[in-house]
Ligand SMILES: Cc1cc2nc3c(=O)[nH]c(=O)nc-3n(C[C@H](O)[C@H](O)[C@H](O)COP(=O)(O)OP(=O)(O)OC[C@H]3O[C@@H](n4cnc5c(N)ncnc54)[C@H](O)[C@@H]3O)c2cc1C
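The chain below stands alone and is given in structure tokens; this is the form predicted alone.
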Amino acid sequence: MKVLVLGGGVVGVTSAWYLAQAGHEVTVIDRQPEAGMETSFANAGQVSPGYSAPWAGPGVPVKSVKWLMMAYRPFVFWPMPDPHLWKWLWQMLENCTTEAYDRNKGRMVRLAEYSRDVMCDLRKETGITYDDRQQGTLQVFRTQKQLDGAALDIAVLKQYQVPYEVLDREACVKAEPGLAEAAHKIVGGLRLPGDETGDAFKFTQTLAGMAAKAGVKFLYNTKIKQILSDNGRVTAVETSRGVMTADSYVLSLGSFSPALARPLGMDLPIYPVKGYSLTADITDAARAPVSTIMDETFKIGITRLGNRVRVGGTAELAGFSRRLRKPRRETLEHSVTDLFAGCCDVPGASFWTGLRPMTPDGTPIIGRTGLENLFLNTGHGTLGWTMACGSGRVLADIMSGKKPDIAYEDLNVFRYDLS
């Protein structure tokens, strides 16, 4: 089967890889000059199945107001006259219940755990490297209230048999020695030993090269203008290189997926949530993190990537703006210097922003659509890197007529009312 994959980020590239491995003829189209140049470029670097959780949850509306008032804000909101934004916010509020949170986190953990296993198999089979480490994630709590509030997440971890450890202050420092000087600022942590770290951009670029050698064709610097359809099927894709056809099509354009889907009658509930990161060279390895630290107070991840530290976080609702805002940098700088003072060259760090494609329930959209030969693999939010391999494998199985290894029916777009 001939397949066109629209999007060359980590999700599009993994989709192409597993489709090619299943024997299909695959072409990837992307507007950028290389793979992984959008949201995959400088994300937080975490492959964190155990930390997979929807942003919508009990108490989040109240918490979000408090976050807006903080000096170092984890959440920033710029009100705009955008009906898609307000509809998405309403849908997210509808998911801020205990029942919805349990359901959404459960399916996210299911997919993310599977994805981590698929990635592990990929490493073994191909030898791919990407500054990867398999040394777990440590979520640190600065208050007892935060530690007590982890009970909801722990209940889901137990349900899906995800290994975890609740650590006191001393055990946190033992797991991450670089926290020694900041130990008095935390009360404890939740360690997820099965989580991993790595450079998503390196992974995406390397896998794209491997896919090309396996026969996947990549068309970069190619703008996708519209998807053409007739009689319940996609007939072609109009691009800056002309009209392209295939037997099946995969829409994997992250935050830009809804714009192409709306003319087809699908109002995909995906909205860009802007994130920021710093990438700094390590200056004192003994003070640097061993793996990944999640700073619960500021919702920031601090990750070791070889001889660099990646600091990523912030949720900013600002439409498709790519403006680099100084206050967001200050929040990232505060978190890393507060917990790992002197570990890296913070003043010389590169500053980046990307648009995370978020769904209201946190779960990506994978699988069939109302058009017979159009498939989706999009809406992964902050977890594109974590869920990429599993999502690509599930999609390739669905498109190949093979039953995926995990339950997948609740991942498709039909869980939403798209009218």
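One rule holds for the numbers: they count along the sequence shown, beginning at 1. Since the model is a prediction, treat every value here as computed from it, not as a measurement.
This next part talks about the form predicted in complex with this ligand, which is not shown.
- In the predicted bound form, no residue of the candidate spot (L19, I365 and R393) has a heavy atom lying within 4.5 Å of this ligand.
- This ligand in the predicted bound form is not approached by C344, whose heavy atoms all lie more than 4.5 angstroms from it.
- Using a 4.5 angstroms limit between non-hydrogen atoms, L376 is distant from this ligand in the predicted bound form.
- Contact check for Q32: a non-hydrogen atom falls within 4.5 Å of this ligand in the predicted bound form.
- Taking the partner from the other structure, this ligand in the predicted bound form has a heavy atom within 4.5 Å of a heavy atom of I224.
- Residue in contact with this ligand in the predicted bound form (any heavy atom within 4.5 Å), chosen from F75, F256, F218, Y164: F256.
- In summary, the region of this chain contacting this ligand in the predicted bound form, judged by heavy atoms within 4.5 Å and restricted to 210-218, 175-183, 273-281, 103-111, corresponds to 273-281.
- Along 361-394, residues H380, G381, T382, L383, G384, W385, T386 each place a heavy atom within 4.5 Å of this ligand in the predicted bound form.
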